[in-house]
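One chain comes next, on its own, written as structure tokens: the form predicted on its own.
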């Protein structure tokens, strides 16, 4: 197998793992719209990178992380509904991105790759970054497991037991933003949300306990990355979309088995 294909395969696998670690928490907290919003917010960050000449991933990461922190702060301190806050930031960011792109004289960057994903364009440095991110995600979940458990199942009970969840929640938003930006190359703005949700809903159709769901979510992401990558290579199909289709089929199977049981 050519070297660039091996790099792309590792990129697809690590991309799936990094997103799958957070997938159960996103699903339990019913904030899948947040992942979708942040992936679209990244469009404005990319536009800023084009205008300023910065690295596109770095510009998008800084911008999306700032927006994620803003959403968390406003939701906690200004008592704004999270859904409304996210909608406001999403609308403003998309508008800003469209304006900046229209003002830019350079359209040489590969916009379709950021919209739909192209894992074949992943470089070795980005693969290492995804690997490091997967490790950071794992350490974060292990360290804040109790706080994340209460945030996911019963935030009010955390207040009763005086469990401090503020730091865990802020870091959750920050890491979620970084995960989304770093996975744009492989999954794309449009498909990244699917890869953030589907492994978790498949897992919860099979298991109930949170730690098992995390492991099952990771296993699902690895399996579908391997199968999707192989099918896309053999049939000359877009890799990100093929992986999502594989996850959709696996969800259908898990749902059928759940109903039968």
Partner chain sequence: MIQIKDLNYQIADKDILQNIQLEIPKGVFAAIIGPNGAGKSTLIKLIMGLIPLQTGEIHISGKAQADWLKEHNFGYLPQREEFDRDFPATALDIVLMGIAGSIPLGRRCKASHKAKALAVMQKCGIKEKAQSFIGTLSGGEFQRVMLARAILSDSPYLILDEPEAGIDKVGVKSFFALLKELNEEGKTIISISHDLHTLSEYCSFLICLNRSLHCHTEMDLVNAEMIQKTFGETIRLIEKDY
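As the structure is a prediction and not an experimental result, all values here were calculated from the model. Positions refer to the first chain, counted from 1.
What comes next is about the form predicted in complex with the partner chain, which does not appear here.
Chemist: Counting only heavy atoms and a 4.5 Å cut-off, does the partner chain in the model of the complex sit next to every one of 63, 135 and 170?
Modeler: No.
Chemist: Closest heavy atom of residue 28 to the partner chain in the model of the complex, within 4.5 Å or not?
Modeler: Yes, residue 28 lies within 4.5 Å of the partner chain in the model of the complex.
Chemist: Using the partner position in the model of the complex, report whether residue 91 sits within 4.5 Å of the partner chain, counting heavy atoms only.
Modeler: Residue 91: no contact with the partner chain in the model of the complex.
Chemist: I'd like to know if residue 154 sits close to the partner chain in the model of the complex, meaning any non-hydrogen atom pair within 4.5 angstroms.
Modeler: Flag for residue 154 set to yes.
Chemist: Is there a heavy atom of residue 164 no more than 4.5 Å from a heavy atom of the partner chain in the model of the complex?
Modeler: Residue 164 belongs to the contact set for the partner chain.
Chemist: Which single stretch, out of 93 to 101, 137 to 145, 117 to 125, 174 to 182, brings residue heavy atoms within 4.5 Å of the partner chain in the model of the complex?
Modeler: Only one stretch passes the 4.5 Å heavy-atom test: 137 to 145.
Chemist: Could you tell me which one of 231, 197, 210, 222 places a heavy atom within 4.5 Å of the partner chain in the model of the complex?
Modeler: Selected residue: 210.
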